[in-house]
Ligand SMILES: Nc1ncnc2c1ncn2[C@@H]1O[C@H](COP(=O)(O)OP(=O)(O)O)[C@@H](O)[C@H]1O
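In the block that follows, a single chain appears as C-alpha cells, in the form predicted alone.
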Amino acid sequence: MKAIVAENLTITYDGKPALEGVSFSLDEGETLLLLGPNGAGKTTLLRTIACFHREYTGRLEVFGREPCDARELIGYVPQSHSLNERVPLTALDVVAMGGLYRRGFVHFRIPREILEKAEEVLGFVGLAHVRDRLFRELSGGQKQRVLLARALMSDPKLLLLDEPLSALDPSARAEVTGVLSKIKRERGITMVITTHDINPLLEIGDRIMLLNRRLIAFGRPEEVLRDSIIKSVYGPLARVIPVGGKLFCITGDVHLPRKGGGGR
C-alpha cells in the first residue's frame, strides 16, 4: 500500500508558492530522507502531510486519505518542542502525553494503562532508567528520544520527524539514529525525516528527496546522491564520496551542536 502519494503538489503561504509541482509516492514501511538547504520547503512539506498546513493544490494522500482525514495515523516530532520546561514534568509524564491527547484526559488523571504503555515505550527507546527524572534535566539526546517515545504512544503508521539530529553531538546522534533504526526494523513504521546532514541516516533511508522549492531529485540513495545533482543545489564544493561501499554526502549545510545539546 502507498503510505504517501503526491501529484503536482504546490504548497502556498498567503497565496505565494513555497513548494511547487512536487510528485512522488512512498510505500508503506519505507523511510524517506528529505534533504535541501534552508528555505527549500522540507518543513513545509512535512507540516502539510501532517495537516498542520492546508494551503495546497494538487493531490496529496496519506494511506489513501486526505491528510486531515488520516491524522490518527500520523505521529509528528517537530524540530523544537513546545513544552514549558518550568513545569516539573518527568520523562514519563511527557511520554504519557502522547496517549492523553488522543484520549482527552488531563495531566493529573493519567489512567494506569497509559502509564504502563508509557513505561513500555520509554524502555523501547532505551530510557527506562530516566522515567522519574525531570524532562528539563535530560540531555539533548535523551530529550529527543523521549519525544520520539511520545510520538509512538499513538501507534502511528506514519512518523514525521523534522531535523531529529540537529544540534546533537555525535554520540547523541548515534543514539537517536539507533532508535530510528529500531523503529524501522521492529515496528515497520513509515518515516519521513528532514535533515541537513544525511550521512548518519543513510543506512535507514530507502528513498531520498532533494528539494529546493521544487523537486530536484527523488529515488534510491545511489540514484540521488550523485555529484552533479548535489552540486546543482549546494554549489561546486559539494560532493559525494564513496567509502567502503557506502556513500557520504558533503554539502557544507549542517547544524552545529548547541551548548548542552548532546550527551546521553
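This structure is a prediction, so every number in the text was calculated from the model and none was measured. In case it trips you up, residue 1 is the first one in the sequence shown, and so on.
Absent from the display: the form predicted in complex with the named molecule. The rest refers to it.
Contact annotation: residue 38 falls within 4.5 Å of the named molecule in the model of the complex, judged by heavy atom distances.
At the 4.5 Å threshold, heavy atoms of residue 44 reach the named molecule in the model of the complex.
Interface residue remark: residue 13 is counted as part of the site for the named molecule in the model of the complex, having a heavy atom within 4.5 Å. Although the partner is absent from this view, residue 250 stays clear of the named molecule in the model of the complex, with no non-hydrogen atom inside 4.5 angstroms.
Stretch-level contact analysis of 199-207, 30-38, 214-222, 60-68 against the named molecule in the model of the complex, using heavy atoms and a 4.5 Å limit, identifies 30-38.
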